[in-house]
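Shown below, as C-alpha cells, is a lone chain in the form predicted alone; questions about how it binds or moves come after it.
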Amino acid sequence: MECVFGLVGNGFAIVAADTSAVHSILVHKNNEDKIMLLDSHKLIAASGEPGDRVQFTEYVQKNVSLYQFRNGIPLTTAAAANFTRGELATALRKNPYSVNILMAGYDKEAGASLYYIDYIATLHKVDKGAFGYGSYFSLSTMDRHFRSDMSVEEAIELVDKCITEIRSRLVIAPPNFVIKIVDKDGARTHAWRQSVQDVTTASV
C-alpha cells in the first residue's frame, strides 16, 4: 500500500512518501526512506518493487554524479528526468523495472519543478502528482486545495491533509511518512510524520 506524492509551490517543491517496507502480509520495517537525494538540489521519490526501486534509484543517482564529475556542471532537473525516462524506456524492452518516480528539483533559471515518470517510461512535468493506492486520496485532496503560489507553510499543511486522508480512508494505511523539500537553499528532509515507531526484535 505504497503512497508517494508531491507538489510545486512558490519557489520550492515538496515530496512525501510512506516509510513502510512490506512484503505480502508482512511489515518488515517502518522507517524505510523512499526519497533519495540525487544531488544538492534534486530529490527522487520512488514506489514499486523494493529491489527495483533501490537498484534503479541508486543507478540514476550514481550516473547523475558521474555526469557532474566528468563535466564539472550538474544536470538540470529536466535533463535528469529525461535521462531517467530514457533508462526506463531502454529497460522496458529488455528487463523492465517495476518502479514509479516523482523527481523534484530546483534550478537557478527554471526554478522549482516536479516530474512524473511511471514504469512504462511516461514522462510529464506536473504541478502535483502521486503514485500508489494513496494517490486516490492525495490527488483529490490536492485538486481541491492546491494553488501554484502556495507558501512552504501552506504546502506542508496540504501534505498533512493528504496524510490524514490516507490514514483515515485507506484500509491498510501506512503509518509513517517522510517529507522532503527542495528550494534555492538545496534539498533536505523537512519532517517525519510517525504514528508507529520501528521496533527492533531482540535476538533469542
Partner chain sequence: AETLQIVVSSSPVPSHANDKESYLWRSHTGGFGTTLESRGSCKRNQGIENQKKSERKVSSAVSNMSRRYDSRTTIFSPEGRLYQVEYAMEAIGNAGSAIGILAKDGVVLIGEKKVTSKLLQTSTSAEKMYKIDDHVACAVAGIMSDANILINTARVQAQRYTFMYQEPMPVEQLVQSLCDTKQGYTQFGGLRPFGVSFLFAGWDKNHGFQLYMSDPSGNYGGWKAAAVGANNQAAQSILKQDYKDDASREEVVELALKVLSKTMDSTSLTSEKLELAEVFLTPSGSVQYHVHSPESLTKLLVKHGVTQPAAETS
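Positions refer to the first chain, counted from 1. It should be emphasised that the depicted structure is a prediction, and the values quoted were computed from it without experimental measurement.
Beyond the structure shown, there is the form predicted in complex with the partner chain, which is absent from this document and is the topic of what follows.
- Contact with the partner chain, judged by heavy atoms within 4.5 Å in the predicted bound form, is confined among 132-140, 167-175, 154-162, 65-73 to 65-73.
- Of the heavy atoms in V126, none are within 4.5 Å of the partner chain in the predicted bound form.
- Interface membership of T122, defined by any non-hydrogen atom within 4.5 Å of the partner chain in the predicted bound form, is ruled out.
- Using a 4.5 angstroms limit between non-hydrogen atoms, L92 is distant from the partner chain in the predicted bound form.
- Residues from 79-93 that approach the partner chain in the predicted bound form with a non-hydrogen atom closer than or equal to 4.5 Å are A79, N82, F83, in the order they occur in the chain.
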